[in-house]
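Presented as structure tokens, the chain that follows is alone, the form predicted alone.
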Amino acid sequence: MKEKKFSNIRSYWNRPNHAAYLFIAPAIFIIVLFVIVPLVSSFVISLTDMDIFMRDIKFIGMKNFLKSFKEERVWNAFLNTFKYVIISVPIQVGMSLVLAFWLYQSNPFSKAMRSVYFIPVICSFASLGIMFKMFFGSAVGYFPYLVSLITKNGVPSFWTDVRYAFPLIIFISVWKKFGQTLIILVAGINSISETYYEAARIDGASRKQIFAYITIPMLWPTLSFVIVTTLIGAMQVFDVVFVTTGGGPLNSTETIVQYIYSRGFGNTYDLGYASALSVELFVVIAVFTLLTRRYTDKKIEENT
């Protein structure tokens, strides 16, 4: 009886449409454990008055959300995040696209340059932030020293100046991340049939015309993936801000994730309020992602 039951179970899972669930089960388990459960937990915690030590937990409904709508610092953090996204994402994708078209060919020079550009990607964002903080620091930074030699106005302090701190963060982020975008776009360009390029060259098209009228239209599926993933990553920028400015000067570089961290794990330990801000950020990212996907899908349809 047991052998027959075991045989039935084995025959059931030996079917291709059933066996597939066994292969995806580990991935589903990881997604549920590290994505679904934290999302649901964040929403539940956002409805409570709870500190990080989980003492005196009180259900307060939507009060954390209503409080965040009235807090000026939250709006400032979201504004800084949007500024970062609007500036860094086009620069990163645009620069990667131009370099990908320049370096997509399989020759020693292109391979070497792609490797060089990819090196910052494998480095820790925090360590790069510390390195650039020292490089641009007024105390030991070499760049401020060179500027002082040229201007004769003393050593400037870039990280404590509202005019320079935010652009420096964008520069570091683009420098660190664009190599990954470059490699993905190179792969996308190499997937385009060479016959299109040969036909364009026979017709006398210039390199700029080939880039504008063949490469970009044919590359929109890859561009769609790159834009969406870069946008999502930019909305969650944290580590480079944390190790360079800590949100300063005067909260001019404080992003929403930086503020969530300071409220949840700073002096207040207000886990409920931080969770409410996390839920708001999730909704904003979801909306931006859907709008971006709708635009990129439209561009794909137009060019197919």
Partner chain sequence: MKRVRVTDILEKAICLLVMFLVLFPFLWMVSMSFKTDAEIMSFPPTFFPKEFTMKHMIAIWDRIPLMTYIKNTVIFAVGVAFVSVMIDSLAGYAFARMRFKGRDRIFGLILLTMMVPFQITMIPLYIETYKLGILNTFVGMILPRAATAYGIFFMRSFFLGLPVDLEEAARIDGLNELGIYLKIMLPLCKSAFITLFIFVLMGNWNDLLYPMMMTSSTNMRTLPAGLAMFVGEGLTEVGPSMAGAFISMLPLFVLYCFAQKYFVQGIAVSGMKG
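Numbering follows the first chain given and starts at 1. Computed from a predicted model, the values in this text were never measured in an experiment. We call the rigid core the largest set of C-alpha positions that still match within 1.5 Å between the two forms.
Keep in mind that the form predicted together with its partner chain is not shown, yet the notes after this line are about it.
The closest non-hydrogen atom of Ser42 lies within 4.5 Å of its partner chain in the predicted complex. Taking the partner from the other structure, its partner chain in the predicted complex has a heavy atom within 4.5 Å of a heavy atom of Phe265. Using a 4.5 angstroms threshold between heavy atoms, Pro120 counts as touching its partner chain in the predicted complex. Although the partner is absent here, Phe109 is a contact residue: one of its heavy atoms lies within 4.5 angstroms of its partner chain in the predicted complex. For the three residues Ile130, Tyr145 and Ile183, a heavy atom within 4.5 Å of its partner chain turns up in the predicted complex in every case. Along 233 to 249, a non-hydrogen atom within 4.5 Å of its partner chain in the predicted complex is carried by Gln236, Phe238, Asp239, Phe242, Val243, in order along the sequence.
Superposition on the rigid core between the shown form and the other one places the CA atom of Phe29 2 Å or more away from its counterpart.
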